[in-house]
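Just one chain follows, in the form predicted on its own, and it is written as structure tokens.
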Amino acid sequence: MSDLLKTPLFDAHVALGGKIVAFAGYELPVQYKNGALKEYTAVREGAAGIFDITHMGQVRVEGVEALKFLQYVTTNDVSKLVDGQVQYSALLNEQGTFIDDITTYKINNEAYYLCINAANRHKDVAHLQKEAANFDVIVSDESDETTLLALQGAKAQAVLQTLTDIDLEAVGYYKFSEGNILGQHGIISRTGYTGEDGFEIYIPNTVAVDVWNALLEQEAVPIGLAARDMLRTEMGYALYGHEISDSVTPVEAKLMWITKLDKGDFIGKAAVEARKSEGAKKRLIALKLIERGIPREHYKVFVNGIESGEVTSGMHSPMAGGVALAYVMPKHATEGDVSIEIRGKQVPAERTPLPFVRSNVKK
């Protein structure tokens, strides 16, 4: 018997012809019967794609010291948030490396909502609850009762508006609102992992199938893990276990923009300051192949013929060709001839700014 978990939408994925794989402890669709490329195209070229991302974790933080607590356990400056705003942030350990990257939702001064990565859920919750013992705050794991959907693409707003009394036009980028979604209370945020306009939808498990089916009836296209990763990689968004992990700090990962060293003390601050002072051990860069090829995770990266690092995420982008994120030696981050070893051949590449394709998020 499999120890893998199923989301409330598992049967719906099977009925749609989803190819089920193991991912982050769950059985999830990697693609549906029309294939990942068509799913990717639906999101990039004007439709609306629906993703089951219920495997992500949801944590509620409540109490009179909620702000003080989150300021200490996260890297970003939570005091800058207003009610209804979302913030990208991270949890670090004392060594200044990543426990996880997260999003923080401010409901009010004494109530916040966190979205955490699936594979890190239990580790994150244990860490947060351990630290919460020193604050007047309660940390509650609501993951098992919550379904999380992402609706991404140019038609996302029009499709979702038919299901909710929330005025979606008034929900700005990295903002959220609470309201009625098919008769149940839920949260809708204008956030996502694709570089397209869209929303993430938090609802009780009891209404998950109804909301999923209603979105399909509005011609939303079901999207699997493969297309989601294609969309994510094209934007250069970090993924835990790839660009970020417990072996890198925000200095290496180009995430000092979410690490506010001037906000006061927080877990990992001293280690990050030390790493910033001494210099990064390696640097994250974006690469585009000059010749044909598909770079994959762990492929070796060479600069001036010297092995310098490896690919953390790579793919063939339908819009940009062979693209990759990679860590290299700091001295090679900006200078030298770059190549990626693909099947024993060093394929030339060039450094490039991110994103690899244009972002269409509505800011």
Partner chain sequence: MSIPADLKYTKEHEWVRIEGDIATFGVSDHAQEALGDIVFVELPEIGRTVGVAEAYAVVESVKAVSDIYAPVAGEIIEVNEALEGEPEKMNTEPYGAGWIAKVKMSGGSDELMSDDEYTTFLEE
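Residue numbers count along the first chain shown, from 1. Predicted model only: the values in this text are computed from it and were never measured.
Below, we turn to the form predicted in complex with its partner chain, even though it does not appear here.
Practice item. Decide whether G293 counts as a contact residue for its partner chain in the predicted complex under a heavy atom distance cut-off of 4.5 Å. Key: Yes, contact at 4.5 Å.
Review point. Taking 4.5 angstroms as the cut-off for heavy atoms, does D229 touch its partner chain in the predicted complex?
Key: Yes - in the predicted complex, heavy atoms of D229 and its partner chain come within 4.5 Å of each other.
Review point. Hey, in the predicted complex, does Y299 get a heavy atom within 4.5 angstroms of its partner chain?
Key: Result yes; Y299 sits at the interface with its partner chain in the predicted complex.
Check your understanding: Heavy atom to heavy atom, is K19 within 4.5 Å of its partner chain in the predicted complex?
Key -> Contact with its partner chain, yes.
Review point. Can you pick the stretch from 95-103, 285-293, 198-206, 128-136 whose heavy atoms fall within 4.5 Å of its partner chain in the predicted complex?
Key: Partner-contacting stretch among the options: 285-293.
Practice item. Tell me, out of G35, G63, G321, G336, which residue has a non-hydrogen atom within 4.5 angstroms of its partner chain in the predicted complex. Key: The option sitting close enough to the partner is G35.
Practice item. Quick one: name the residues from 337-363 with any non-hydrogen atom within 4.5 angstroms of its partner chain in the predicted complex. Key: Heavy-atom contacts to its partner chain in the predicted complex: R343, K345.
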